[in-house]
Ligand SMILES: Nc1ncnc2c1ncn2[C@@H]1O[C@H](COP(=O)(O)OP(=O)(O)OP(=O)(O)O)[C@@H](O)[C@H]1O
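This document starts with one chain, in the form predicted on its own, laid out as structure tokens.
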Amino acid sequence: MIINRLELKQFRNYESLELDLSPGTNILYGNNAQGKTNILEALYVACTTKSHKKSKDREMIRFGSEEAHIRLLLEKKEIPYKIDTHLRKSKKKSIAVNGLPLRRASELMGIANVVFFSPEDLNIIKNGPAERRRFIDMELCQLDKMYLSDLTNYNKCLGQKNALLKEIISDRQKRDSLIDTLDIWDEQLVFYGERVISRREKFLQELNEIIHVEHRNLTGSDDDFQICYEPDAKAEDFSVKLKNSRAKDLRYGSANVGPQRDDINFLLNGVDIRKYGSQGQQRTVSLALKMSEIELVKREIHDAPVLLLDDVLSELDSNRQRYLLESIGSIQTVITCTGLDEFIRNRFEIDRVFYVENANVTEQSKKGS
């Protein structure tokens, strides 16, 4: 997959922007708070419908404007796509592909595949389980539309059940009749939840095969490294655990069992590095996780994703910098940074260089070895 062109209107600090990208390595450099990350965010939103920062649509619209427009021109397996995304303060976003409006934003998933890597991702190991679940979900939703549908339906049912549980607590007169309706939602939760759990398990098994090699290449050691899926309930046990948690659910007013509580563990020679790993070990695993994500996408779609790197190099030591730069040479990459020292030091070839200052993007002469 190759992104050829990005056009912005009233997005973040950009009144207007037209940016043509190389199919190789593209560098956006300049001081902080000038608009570099906003370009990566626009690319990510156009491909996934969501902000990597978890920003709401209205927060991405330029101050003083009522709407923003992102246009992306890309090619996937030699098929051209034009993706238009309109963000509005007072309405839901609208998306069109090749001029045809999508009924639901989720229909966009799978057309474009991107991997985003930011300094925050380096902390995915030590952050809470919600971040690790989000990592799984964002990748699987790009790769598997059935998973996206199952996850969406599960979350809708979960929201309905939680609302019902709160109503049961607040309305004592209707308590018994309302409790009887919980079985309906539990049946739906089990149906979609079992599918979500099974797909997550398969995804992590596939990722585990790749990350073992990536970690070994990064460290040069024969350490035994494994990703372990920690489901709150296994697919085959979900129905029973859900039924057994009924009393607790009624006491707390929310569902206490299900994939919304899943986690991932990372074991290095049998040791849980979430708790006992050094910062260096955790960062190495985070990098190996992202490199494995890229490789898994290649295997799944038989094509390369676009890699978005947001000021990551400054957070890595020289060995990890070199490994990352050498590994991404074959895929389209858009990198933000404050300077070009890392690329010069590593003698890394750059295809296009853009200087960003106060939302003005100027192409510079080609840099590289």
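Numbers follow the displayed sequence, beginning with 1. All of these numbers come straight from a predicted model, not from anything done at the bench.
As for the form predicted together with the ligand, it is not shown, yet the points below apply to it.
Among V306, I61, I328, L313, the residue placing a heavy atom within 4.5 Å of the ligand in the predicted bound form is I61.
Although the partner is absent here, R352 is not a contact residue: none of its heavy atoms lies within 4.5 angstroms of the ligand in the predicted bound form.
The closest heavy atom approach of T37 to the ligand in the predicted bound form falls within 4.5 Å.
Among heavy atoms of T338, some come within 4.5 Å of the ligand in the predicted bound form.
A residue is said to contact a partner when one of its heavy atoms sits within 4.5 Å of a partner heavy atom; S16 fails this definition for the ligand in the predicted bound form, lying far away. The candidate stretches are 298-306, 339-347, 24-32, 42-50, and the one lying within 4.5 Å of the ligand in the predicted bound form by heavy atoms is 24-32.
Although the ligand is not shown here, in the predicted bound form the stretch 289-307 places no heavy atom of any residue within 4.5 Å of it.
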